[in-house]
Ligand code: HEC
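For reference, the chain that follows is the form predicted alone, supplied as structure tokens.
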């Protein structure tokens, strides 16, 4: 047991919680500096490396690469770890992200998730009104006769997602279509999404993707 831990164990019970926390932080003076350094390193990686494809603030302009701004930190951390562990197998994951994530520490991955979650999202993209209306209907209600559930059941009524399910609002339509194709073929082996995508036809997928891209 370190001397710091032994000293903390001897603290009197009369010491308040706030005082205890102050002593804890004082006992480990490098903690705050280390946390700040990890955060700065993640920002440098995001702007100098990831930004080549995803944009420095996560608002990519190339539809090959997803927009990361405003994405949930927990979801991003999960995906980066899947890239690092080579368990996410869609073509762009294999071609780009397996190598990019291989050298990232868990601390940097966590900090990258926080960085992108804090970035402001860009505006949605205009699409044909009839296509948007069709896409919204599919997103909100699915296709019960085909066994296709509503996307909103997991991704939320405004497609904002959560730590488990990604934010889809404002995402590039082309990127969404590529992922739906990967779910259909099981290259991205996620059972629930395979079940959703396998009964969607191309025009339906395009309508949903265009609708999502139109959202702010």
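Numbering follows the first chain given and starts at 1. It should be emphasised that the depicted structure is a prediction, and the values quoted were computed from it without experimental measurement.
Heads up, the form predicted in complex with ligand HEC isn't pictured, but that's what we're talking about next.
- A residue is said to contact a partner when one of its heavy atoms sits within 4.5 Å of a partner heavy atom; residue 131 fails this definition for ligand HEC in the model of the complex, lying far away.
- The shortest heavy atom separation between residue 179 and ligand HEC in the model of the complex is within 4.5 Å.
- Mapping the unseen interface onto this chain, residue 117 falls outside it, with no heavy atom inside 4.5 Å of ligand HEC in the model of the complex.
- Residue contact check for residue 149: one or more of its heavy atoms lie within 4.5 Å of ligand HEC in the model of the complex.
- Shown without its partner, this chain lists 170, 39, 70, 166 as candidates; in the model of the complex, only 166 has a non-hydrogen atom within 4.5 angstroms of ligand HEC.
- Residues 53, 54, 64, 65, 66, 68, 71, 75, 76, 79, 80, 83 are the members of 53-84 with a non-hydrogen atom no more than 4.5 angstroms from ligand HEC in the model of the complex.
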